[in-house]
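One chain follows as structure tokens, the form predicted on its own.
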């Protein structure tokens, strides 16, 4: 048994021969912001609709606050959903849209208005109650959809890529607001997205999905710094994967021979290795250093781009199957002006920041 607020136990969903969700187990803590992250078709939205009661699992069990809700219809579950399309009623005012979910509660007009006004203030739309949806921007319509879902006081709010239709600047602003609202109301948010940056910014915990399975479930910092396999490493953020062969290892370190970088010692990171194992040294672009010492290797710069806060380099060298992406802070780049402006630059891997992954599996 688990004491998780939400527990998905061996959840499987098939549509004929197609397996949409494949034996997923997840525990979600009360009051947390939990994200399901993955590419289109990975099963994340299917999992969300099953949690909301809009779809039923082929097998498995859904527990919510200690109650088995697997066969409970959506209208009887303490959940509500915000969709990507907002689903705002065009013929109703903003206030009537927000208060629509209260119609079953038979409130008097004063109480209804009080709750609508309070919810509009929460989502920074105070005074917008009499406006029509046609008078709103995309971000304002998203706030209306959020207020309408929250006003019925669900225990769990389900969000299916609610920010994907917004432009980048507005999307970033709404991310901050959404997180602040979640903290203020204190209820559990389950959020579906294909945007890695969005998931890393918002979440207490992230489950990365692929082909109906959960590959890794952990806090954002662990997901970024310690991906469990190649698929997660390549999907979450930008990652260089340098092939290598294990030359020797101890209980704490592993010596790996890499093309263009030679032999180097790395922390084992909780994994076990044997001599001769084929591995991948996973290195984020920001985890290379401009080097002058013996650990450095001179590589050829094939492209450079200036991003204000940092310089982005594409670099290649003997034995590398694909170019490396290297990010250097602008202040450091200025201090090494001659090196970064030439055709070749000497860099090194920072061993403590690298993750050693098996090449296969």
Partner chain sequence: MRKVRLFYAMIYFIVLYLPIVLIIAFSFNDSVYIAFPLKEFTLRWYQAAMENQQLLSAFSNSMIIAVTTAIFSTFSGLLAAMATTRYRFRGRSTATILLFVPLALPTVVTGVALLSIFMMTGLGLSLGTVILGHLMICTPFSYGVLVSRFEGLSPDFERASMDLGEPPLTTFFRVTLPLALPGLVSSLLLTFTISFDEFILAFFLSSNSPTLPVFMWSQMRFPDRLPLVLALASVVIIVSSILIVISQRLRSKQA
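The term rigid core refers to the maximal set of C-alpha atoms that superpose within 1.5 Å between the two forms. These numbers come from a predicted model, not from an experiment. Numbering follows the first chain given and starts at 1.
What follows is about the form predicted in complex with the partner chain, which we do not show.
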- [ ] Please pick, from 127, 186, 90, 276, the one residue with any non-hydrogen atom lying within 4.5 angstroms of the partner chain in the predicted complex.
- [x] 90
Open item on the list: Within 4.5 Å, heavy atoms only, which of 323, 60, 52, 296 is in contact with the partner chain in the predicted complex?
Closed with: 52
TODO: Flag residue 135 as yes or no: does it have a non-hydrogen atom within 4.5 angstroms of any non-hydrogen atom of the partner chain in the predicted complex?
DONE: no
Open item on the list: Under a 4.5 Å heavy atom criterion, is residue 193 part of the interface with the partner chain in the predicted complex?
Closed with: no
TODO: With heavy atoms only and a cut-off of 4.5 Å, decide whether residue 104 touches the partner chain in the predicted complex.
DONE: yes
TODO: Mark residue 148 yes when one of its heavy atoms lies within 4.5 Å of a heavy atom of the partner chain in the predicted complex, and no otherwise.
DONE: yes
Task: One stretch from 118-126, 74-82, 169-177, 263-271 that, in the predicted complex, holds residues within 4.5 Å of the partner chain by heavy atom - done: 74-82
- [ ] Examine residue 92 after superposing the rigid core and state whether its CA is displaced by 2 Å or more between this form and the one not shown.
- [x] yes
